[in-house]
Each structure stands twice: as C-alpha cells, then as structure tokens.
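What follows is one chain in structure tokens, specifically the form predicted alone.
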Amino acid sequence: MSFTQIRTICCIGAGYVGGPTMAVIADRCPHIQVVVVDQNKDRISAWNNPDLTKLPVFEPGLDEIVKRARGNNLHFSCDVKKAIQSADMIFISVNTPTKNKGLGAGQASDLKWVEACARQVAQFSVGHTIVVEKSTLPVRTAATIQAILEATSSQEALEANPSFSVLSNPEFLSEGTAINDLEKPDRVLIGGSDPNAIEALVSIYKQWVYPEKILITNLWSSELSKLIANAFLAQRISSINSTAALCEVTGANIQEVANAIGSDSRIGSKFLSSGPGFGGSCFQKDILNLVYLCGHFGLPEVANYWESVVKINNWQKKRIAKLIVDKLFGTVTGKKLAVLGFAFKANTNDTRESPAIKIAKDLLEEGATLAIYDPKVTKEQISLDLTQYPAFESKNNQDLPTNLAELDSNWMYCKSIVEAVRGADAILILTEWNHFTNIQWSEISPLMRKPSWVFDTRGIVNPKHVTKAGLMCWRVGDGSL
C-alpha cells in the first residue's frame, strides 16, 4: 500500500502525551483507526470511563474530544500485541525517566521502556511499519530503535515479513494548554530519512496543520531540538527567578522588570513569570540528560552551563521554604500552613517534579502541619509525592487536633480553600489556579490565627487587598513589600 494511506495507528503509552495526542489525531482524522495501548490496566480503565471527569489526564477541552471520538475511531486497550499487528504506524510515547543507578545515574535518561517497546514492535509487527518516536529521547536514540527492530529473530516475526522506517516526531506540548498546542501548533517537527514514511506522517498532520508549519529535518536534529527547546524554556524560568530574588533585596518589582525586558522584541514576554521554580516531567529530566550528553561528548563547560539552570531551580524552592520559616518567627513547629495548589502548574493534575513537593517536604521537616488543597490533584497522588498518608482529613476542621505540635510534621487533605485556611497561621499559594486570584481576603482573614501571612509564590494576588484585610503579605520578586 502507499505509505500516505495510513489506516491504523497504534500508540504505546496512554499518559500525558500519548492520550491527548492520539485523541486529537483521531478527532481530526476520522478515516484512521487509532488505538492507544498501555500495560497499566487502571489507566486504560480510566480512559474508558463513561464519566469524562475521571479521565486520567486533565486538560481543558480533552473530555469533549474523547467524547466525540472514543468508540468510533479512538480506542484504549491493554492488548498490545493485537494493536501492533494491525498498525500501519506506531507511536512510542512512554516515559523516559532519569536513571537512578548505574552509568549516568542522576542525569542520563533510562530508555528501558523505549527499548521494551521496540522489542514488542519487532516481535508483533506485520509487513512494513512506520515507527515514530514521540517520547523525548537523547540524540541518536533512533539508531538504537532501528538496531533492535532489524535484529528480530523470532520465527513468528520473520514469517510476518516485517520492515521498518523510524521517524522522530517530538511533542512540544505545554500542560494546561495541550489541546490548543495540538490543534494550533507553532510547528510540527518530523525527522527522518525515508521520504515515503515522512510523507505518510505529514499527510496526517496536514488534515489540520498548515504545511508551512511542518518542519522536516534529519533524525538527529529532530531529537536534539526537543531537548534544546526545553532547556531554553527552563533557562528563562531560572533567569527570571534569580532576578526576582535580586528584586526583593533592592526594592524593585519583578513584574515591572519582566514587562520592561519582555517588551524587547528580541526577548519577548513568554516564560518571564517568576515563581517557585519549574516542574513537570520534562524540564529537569531533559536538562540533566543534556548535561550528561555534553559530558559524554567532551564538552564539560557546556555541561556546567546547563547544570546551573537546575541548580538555580532547586535553590529557588529551598529559598522559599526558608523564607517562610524566617517570616514565621523562625519556626513553624506546631503551626498550620494552608497550601493552595499542588500541581506543578494550573490547568493540569500533573504533580511530577512540582515545586510544591519539595517546599512541602521542607516545611514538614521543619515541623509544620500542612493543610493542602488543589482542585484537581487527588489525596492519593499527594500521598505518593510526600511519601506519607495524611494523618486526618479535614471536615470543617471538626477533627483537627488541638495540639498540632504532637502530630510530628503531618498534613491534611482539604476539599476547599475555606477548609484549608481555617485556623492557619499562613497561606502558601504554590499553583496559579485562576480562582486563587479571586479570593476574598476580607472573608478569609477572620478564619486565620493572627498574626497571619500570605506567601504568594506565583505573583497572582493584589498585596493591597491582602494587607487591607489585616494579613501580612509576601509576593515573589516584590521588593516594595
């Protein structure tokens, strides 16, 4: 068949990239059958849940797309073999965590899941199959995938007469705006050497993406572009956060500084919002991988440069936790702190590498009791991230122990802002959820124990409204307070 006539797609990996990406492809290409497979049965069950509010990934607009396509040409399954056998094109969209032991531990990407996928594809594919790297991978990973695919030796595979073309098609999604990023991308990047395979993938994206936004490169440029894009974005965040710290001690205001420098067309205004540090699954992992690659290829100075971006990010989280303790008379033992927001950013339920985790752990270690509220993150996820279950759940604070010092650094899961702040000594805004900007401080202040603080790590509240309500306020990068 002509490679431009893709009829069936299999995506291995039903996470934050695979699920939304395949949903949009299915929605825009109703003539293609799309199957998303994953070995995690609970995740697949969640994708098939009739209640669209319980999808495993929260992204604005995703539920409506799944509603239109699921059961028609979008399917979620645990039958990996069947999906691979029937696929003309296979996307590999699995996790690539940082290695925690062995060569490159703490920096290099662990490609065990990618390798496992390649072996499954080699084992079960029938005829010619286009294999697309969707996961963020180190440069030259495609060569590894190609070697595995070509080394297939099982009799079943040989009888199926498989052949393969490998493409790189990295994702450039921002969680919270992933659907818009997929439907109206800045660019679609495709790397490869087989013109027929490239044409096949281009023909899919052309269903809704302008041709001039589809960029074709070689495999290695495509793989490296994703790492460098994330590194540049993370570098901007570390740069603005380091500037925020300087603003606080000089009397400058980071929002005014950001507006001034962002007005320069050479710099631009995006990614100039100061905060508690970057999070998410990609930035730190990809920069550490870049550091490892630079060291591996004999570029220690380049490796040191990129490593400094991560160091500033970790310093920012520690700085904020220390500042909170200092402001609260040097101790938080026996004090209740209301944590508003636990996701690494607004409009997602993703907590991977969320700065809230490190800040919360530091404050728990200092003896604080945390009352945590996030509109999309579950109690179970917070428990996993903090590696401890809540000692109790808030029910209008009726079950709140009277002597918080006896709890030995515990936390409570709250279902509303009011539950979290009642009796609190301070409020910590760690995620920029929109409704946190509209808090009525005059109604919140009477619920708190005085003297009370609001620590705004996202720069989203109006300090005048906070102080008028009788609360003290610290806002990141605001040296005028």
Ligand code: UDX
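Because the structure is a prediction, the values reported are computed rather than measured. The first residue of the sequence shown is number 1, and the count goes up from there.
Only in words, not in the display: the form predicted in complex with the named molecule, which the text now covers.
- Proximity to the named molecule in the model of the complex, defined as a heavy atom within 4.5 Å, singles out one entry of Phe278, Phe91, Phe124, Tyr373, which is Phe278.
- Proximity to the named molecule in the model of the complex, defined as a heavy atom within 4.5 Å, holds among Thr136, Thr129, Thr141, Ser168 only for Thr136.
- Contact annotation for Arg319: none of its heavy atoms lies within 4.5 Å of the named molecule in the model of the complex.
- In the model of the complex, Asp38 approaches the named molecule with a heavy atom inside 4.5 Å.
- Contact annotation: Leu233 falls within 4.5 Å of the named molecule in the model of the complex, judged by heavy atom distances.
- In the model of the complex, none of the heavy atoms of Ile179 sits within 4.5 Å of a heavy atom of the named molecule.
- Shown alone, this chain has one stretch from 109 to 117, 216 to 224, 253 to 261, 297 to 305 that lies within 4.5 Å of the named molecule in the model of the complex by heavy atoms: 109 to 117.
- For a residue to qualify, one of its non-hydrogen atoms must sit within 4.5 Å of the named molecule in the model of the complex; all three of Arg43, Asn95 and Phe172 qualify.
- Using a 4.5 Å cut-off on any heavy atom, the one residue of 348 to 363 that reaches the named molecule in the model of the complex is Arg352.
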